[in-house]
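Below you'll find only one chain, the form predicted on its own, shown as structure tokens.
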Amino acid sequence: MISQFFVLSQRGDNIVFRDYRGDVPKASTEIFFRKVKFWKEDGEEEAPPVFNVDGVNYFHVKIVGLLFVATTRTNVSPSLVLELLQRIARVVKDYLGILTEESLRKNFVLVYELLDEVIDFGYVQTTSTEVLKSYIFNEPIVVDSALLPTLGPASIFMQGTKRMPGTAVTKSVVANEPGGRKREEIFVDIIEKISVTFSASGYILTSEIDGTIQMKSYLSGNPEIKLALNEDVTIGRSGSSAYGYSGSGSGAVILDDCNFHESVHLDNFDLDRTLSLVPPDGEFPVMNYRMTQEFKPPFRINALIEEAGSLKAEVILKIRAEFPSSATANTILVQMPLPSYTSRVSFELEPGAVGQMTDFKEASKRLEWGLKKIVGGAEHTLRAKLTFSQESHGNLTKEAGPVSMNFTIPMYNASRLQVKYLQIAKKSKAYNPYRWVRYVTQANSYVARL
């Protein structure tokens, strides 16, 4: 299936390299990195996840600054290989605790042992952390997470001023704590990716939520767990679920469809919306779901572009946070393609603006507006004056836009799907492990037309 697998740093250094079939040149790492670094085809800034050079297909994903790459000469399914790369990264992260260049270099023996078990002669054998535990004998060298810079995914789970523990992000599933102890805890993350398209007048044309309930367990003995969702969850647009459950009015959470991990038992799901499972080792999705029911989008985007004299135009961008003031969005980036003959852009932020960044990417003719954070209920405006190198002969709204937005909102979910309780089978009266339930909403495709 695949011929080679390798991991490159941001500088192009070869951290991990495994050649399974010997039918692709060894110089493929250098060919790949040069192609990605100097990608200029089709006017794009970044190379696509799949491309072909001299008869070799290159597949890559970028995870926390590292490039995970596979090569092959055969015609394999791109989605299959991209999913494999994601799963290899997840397995390595499960074993090392944290995925960085340093942790890979310190644990290269363990990483190569994992790769030899996951892939044999280019064919996938297993990507299950639970199964691999029977075959992996090297212990991980744990990298001290306190010395690492704060990464986005590690710091997104915050609730007010109280920070959720980051141990789920930086902890190995096989290594014990210092002193041989193992901290009993379980993490459940409800992650939702929102896709919304607004019309020029502000109406919602399409809206969809792709959600997943992720679980990572550090419980010894793998006890049974019961996880309860809202009782008004309905599956299927007809108002009754595939399990014979009918919704309770207009306030119900209606999921179009969903699927569950193989370890989940649905015996009581149609009665009280509880899932029973014995969690395997490592991180895994308990449930994936999709929702197109009307929901309140977390942001409203208003965009306007109009001529302001000869060879000039003005852009006004306004974003309003429509979620509660108890939540705060971070790492917000608003982007807007401008007419191809735009030569200069000057920006005007609102008075007293703090933590905002503006930029004009001249190569791609794109306006960028970054905000560190937005509190629920707040509104922000950006004005940009454009200077053109030639007269505009068409409609400006057809030559500019659409406006796209990226953001992350911790401890908020638009679907209203909730984990009501997390029950763990007790081994003794004193047994009381830590339970952490966290929510995060991210933009998948958040677009406003002009």
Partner chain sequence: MAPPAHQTQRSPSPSQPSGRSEVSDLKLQLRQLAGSRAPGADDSKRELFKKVISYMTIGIDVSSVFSEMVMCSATSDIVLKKMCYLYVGNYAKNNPDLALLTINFLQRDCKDQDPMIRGLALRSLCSLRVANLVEYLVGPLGSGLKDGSAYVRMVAAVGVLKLYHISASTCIDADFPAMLKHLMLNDRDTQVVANCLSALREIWSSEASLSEEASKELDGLLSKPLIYYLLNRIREFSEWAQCLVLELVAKYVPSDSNEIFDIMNLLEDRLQHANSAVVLATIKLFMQLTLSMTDVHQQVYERIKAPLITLVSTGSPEQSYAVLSHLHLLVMRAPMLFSSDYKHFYCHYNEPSYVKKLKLEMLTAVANENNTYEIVTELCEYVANVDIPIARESIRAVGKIALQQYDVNAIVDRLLQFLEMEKDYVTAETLVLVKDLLRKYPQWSHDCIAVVGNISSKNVHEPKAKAALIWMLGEYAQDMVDAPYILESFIENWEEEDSAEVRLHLLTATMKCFFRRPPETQKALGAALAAGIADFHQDVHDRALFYYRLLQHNISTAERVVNPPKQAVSVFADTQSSEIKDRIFDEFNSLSVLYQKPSFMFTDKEHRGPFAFSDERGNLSIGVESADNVVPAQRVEANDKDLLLSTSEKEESGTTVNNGAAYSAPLYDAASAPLVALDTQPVAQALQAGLAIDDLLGLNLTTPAASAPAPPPLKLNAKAALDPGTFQQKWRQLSISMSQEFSVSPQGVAALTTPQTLLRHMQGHSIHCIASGGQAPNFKYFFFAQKAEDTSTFLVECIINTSSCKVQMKIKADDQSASQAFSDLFQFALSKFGMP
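Positions refer to the first chain, counted from 1. Superpose the two forms; the largest set of C-alphas matching within 1.5 Å is the rigid core. From a predicted model like this one, the values you see are computed outputs, not experimental measurements.
In what follows, reference is made to the form predicted in complex with its partner chain, a form of this protein that is not presented.
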### Query
Going by heavy atoms within 4.5 Å, which of 259 to 267, 375 to 383, 345 to 353, 214 to 222 lines up against its partner chain in the model of the complex?
259 to 267
## Note on the structure
Interface check vs its partner chain in the model of the complex: of N330, T100, T234, T127, the one with a heavy atom inside 4.5 Å is T127
## Note on the structure
Only hit among G202, P78, P297, G370 for heavy atom within 4.5 Å of its partner chain in the model of the complex is P78
### Query
Is Y289 close enough to its partner chain in the model of the complex to count, meaning some heavy atom within 4.5 Å?
yes
### Task
Spell out, yes or no, whether the shortest heavy atom distance between A89 and its partner chain in the model of the complex is within 4.5 Å.
no
### Query
Is there any non-hydrogen atom of K426 lying within 4.5 Å of its partner chain in the model of the complex?
no
### Query
Would F51 count as touching its partner chain in the model of the complex under a 4.5 Å heavy atom rule?
yes
### Task
Run the contact test on D23, Y123 and Y446 with a 4.5 Å heavy atom cut-off to its partner chain in the model of the complex and return yes or no.
yes
### Message
Given a 4.5 Å distance limit between heavy atoms, list every residue of 8 to 30 close to its partner chain in the model of the complex, or none if there are none.
### Response
R11, G12, D13, N14, I15, V16, F17, R18, D19, Y20, R21, G22, D23, K26, E30
### Query
With both forms fit on the core, is the shift of the CA atom of P223 between this form and the one not shown 2 Å or larger?
no
### Query
Rigid core fitted, then: does V440 show a CA shift of 2 angstroms or greater between this form and the one not shown?
no
#### Entry: C-alpha of I424 moved at least 2 Å between this form and the one not shown on rigid core
no
